[in-house]
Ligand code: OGA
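First, one chain by itself in structure tokens, the form predicted on its own.
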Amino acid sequence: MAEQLISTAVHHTLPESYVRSEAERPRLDEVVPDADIPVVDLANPDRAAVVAQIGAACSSHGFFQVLNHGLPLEVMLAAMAVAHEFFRLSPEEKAKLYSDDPAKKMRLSTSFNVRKETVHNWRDYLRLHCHPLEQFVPEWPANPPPFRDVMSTYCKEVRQLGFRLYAMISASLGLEQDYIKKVLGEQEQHMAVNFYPKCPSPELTYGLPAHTDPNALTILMMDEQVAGLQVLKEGRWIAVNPRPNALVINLGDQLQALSNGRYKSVWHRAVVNSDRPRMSIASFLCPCNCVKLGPAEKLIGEKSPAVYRNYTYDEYYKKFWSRNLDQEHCLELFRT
């Protein structure tokens, strides 16, 4: 199945199955290249100021970058290095891991959902379930040899950062600091190691088209040398340019619902380029499948009625995967 992967060969022309219609193309010349992106320094000793900054970013943009986040630099560098090493494996080695089944807990795949989509995306990715680690790590790739240890360490660090951010997001909404962590239950954790090869016609396709994330919180480590993430702000796409040692924090659909619409699960996309490949590692914190989700009761009142009905994450996730990635915001299907 290695022929399905776009990272196993050099492409001089874009295959027809990746070409978007004229109306759906990224229009790269219209992207705002130098917009002001919220940046939060988590080492600021004034916690109230940090909480206020995070709250402002969540309501205005739905994403922000964090500096001095506590993840050791050597852990981040090792994760990115072993990710590059993995995608340099031979086609035969990668073919052993290929699957187009979204239900598989560990799979190497391509695009988004090749079983149902009509136009493909210029991306290969390794999808990993990460919690509890002892349950899933034995299924992870054994090659390259350091992969399991390096990525396990990275996963543990990211999970703890996510819980720290939950506390500050909860506080910014006027909720108890442990509210989000408690209400989401024993959370699953997934990771997508994304590889975007050089593309012969980046203006005709996407790495990933516009979408929101169905989970609660996404922590993204970007390639510092190659930009590609773009976020929709007030009707215009803005480039999120990499900052040294920073991580991008992206609110998922569940935090928009929990905040009763105060905070945004932002539309974002990945574009590609013809000069260099790009790597990113996205970590997703996801609610327990069976817990009831919806707006926090404290945020509902006479002047702010519930925007969304209650539902389980299992119900939400199945609905998300039954659609095309770039259809209407999935939360629209859960309005009261």
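The first residue of the shown sequence is 1; numbering continues from there. Worth saying up front: this structure is predicted, and the values here are computed from it rather than measured.
Although not depicted, the form predicted in complex with the ligand is the subject of the following passage.
Residues 194, 208 and 229 are all found to lie within 4.5 Å of the ligand in the model of the complex, as judged by heavy atom distances. In the model of the complex, none of the heavy atoms of residue 253 sits within 4.5 Å of a heavy atom of the ligand. Residue 284 belongs to the set of residues with a heavy atom inside 4.5 Å of the ligand in the model of the complex. The closest non-hydrogen atom of residue 278 lies within 4.5 Å of the ligand in the model of the complex. With a 4.5 Å cutoff on heavy atoms, residue 82 does not count as touching the ligand in the model of the complex; it lies far away. Taking a 4.5 Å heavy atom cutoff to the ligand in the model of the complex, the contact residue among 130, 220, 150, 71 is 220. Contact with the ligand in the model of the complex, defined as any heavy atom within 4.5 Å, is confined among 306-314, 288-296, 25-33, 265-273 to 265-273.
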